[in-house]
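One protein chain, two forms: both are listed below as structure tokens, the first as structure 1 and the second as structure 2.
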Structure 1
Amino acid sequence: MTAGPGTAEARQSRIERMFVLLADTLAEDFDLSDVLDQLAHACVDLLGATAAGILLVDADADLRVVAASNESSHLLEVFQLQGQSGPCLDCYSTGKPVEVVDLSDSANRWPEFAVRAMGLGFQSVHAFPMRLRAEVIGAVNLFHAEPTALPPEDARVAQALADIATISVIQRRVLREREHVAEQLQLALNSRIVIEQAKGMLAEVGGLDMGSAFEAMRRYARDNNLRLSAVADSIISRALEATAVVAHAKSRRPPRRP
């Protein structure tokens, strides 16, 4: 049965809204997990799938289920990961779409997956890579209750949704990495300020030049298995007496030869 103009227009409008939502994540602070969940449900709504699931690779290079439209698709995605076999994993490893029109014809290729998928009521699988140039970060997977050949237009829409979702995920990861680097840099700068202040206190208390004050503090940290910044912070807060650090350094000096 061919969809009427009104139905086609409504579907196109929903597709456009999904693209806008994914594009907005590039400019605004969206909850990415919520967006991916909406994407999984949108694949069901827009592409006529029975269910959908999304796999993403984590920081340890392990694939994880990050979204599923229902419990059956979630279980099937988890089963693929546990068994390390299935069309969605092949899609991720090759970076190319995988189409399984009828799972009963693919029982030899993925025997355990085919049995489990059909047991959950699925007869067809279409997997689309989440990729940006040579980098593949996951897969968007569509499951159908009947043997299904996805129309070329729908396949293009599915891949386009996967592509823009990939850009959103990668940008979010880059931003997090930048924030982490900036945070680490700020911590290093803050530690340096504390160390410089502690050096000044040691120099004043022990009558040392700044170089000798730093060596005294470093010696104390090493001998007591402490971080240099922690020793400096203790000196400034007076939890550790500067005189004790100076005395420790002097006690570690080799005796002068007669």
Structure 2
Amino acid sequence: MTAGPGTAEARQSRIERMFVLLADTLAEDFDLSDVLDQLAHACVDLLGATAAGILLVDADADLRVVAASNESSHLLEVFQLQGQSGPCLDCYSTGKPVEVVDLSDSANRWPEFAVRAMGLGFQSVHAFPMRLRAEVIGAVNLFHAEPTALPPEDARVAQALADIATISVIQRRVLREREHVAEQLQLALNSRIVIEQAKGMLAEVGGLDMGSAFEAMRRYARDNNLRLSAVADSIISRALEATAVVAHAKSRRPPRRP
């Protein structure tokens, strides 16, 4: 049941690398979409989760998916669903972590979510609050394919990743100004919408599914040292040809991960 590939030392060093990377990105003009995407992947890599997602609350107090370790439409849908009724919403409302070791035991607590999640092969769910002092701005979600009780050290890592996600959304320079939190949140959510629009365009032009469309966009951004959200924006404004992004991805298989 213990999460994470490799030894504890190897994991420790990966965590350190993640923090260093984030410290670097936070020090300059970083791309929030990129950081949240990397955080979602870090949750999978470091905690042995099958999938991870990050949800933020919008101005209407609804939770919205802003990043996921896997961009398949089905997975995004389930993340979104549990933001409406599921562990993630409970985590957000209480400000406390929620652990569901085995979804089979919780089927009547969140009937629709449990059925859909188990249908996709997930058996266990964890949610960690993204908290800024008294305010909760979202939650980090882990899905495991097996019934999983997270060891305390893994739970601490997960909470640390949730805290980093919070800081990257809010940005340090505005931490003191309460009003800007709402604006930062809206900015983060809007960036996500741009990414969804660009995914659609790439999917159409390249005959791709949404997950592959996202991969193509990310690969183009990394290989050209561009911000993910800037690439998405250029695709939507047609400053960048969608076909060029698709062609680049096809010339560069297999994908690599940092």
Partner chain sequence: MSESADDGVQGRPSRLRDVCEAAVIALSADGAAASMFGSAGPSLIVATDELARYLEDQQALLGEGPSLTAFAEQSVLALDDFREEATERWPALAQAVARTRVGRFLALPLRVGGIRLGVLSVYSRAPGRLARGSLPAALLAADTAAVALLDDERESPEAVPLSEVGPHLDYRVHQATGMVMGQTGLNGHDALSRLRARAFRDGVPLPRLAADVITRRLRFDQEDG
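If you're wondering where the values come from, they're calculated on a predicted model, not measured in any experiment. Reference numbering: structure 1, starting with residue 1. We call the rigid core the largest set of C-alpha positions that still match within 1.5 Å between the two forms.
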Identify which of the two structures, 1 or 2, is the form predicted on its own. 1
Would you say R109 moves between structure 1 and structure 2, meaning its CA shifts by 2 Å or more once the core is fitted? no
Once the core is aligned, please say if the CA of G200 is shifted by at least 2 angstroms between structure 1 and structure 2. yes
On a core-based superposition, does H41 travel 2 Å or more at its Cα between structure 1 and structure 2? no
Can you give the C-alpha shift of R222 between structure 1 and structure 2 in Å, rounded to one decimal, after superposing the rigid core? 53.2
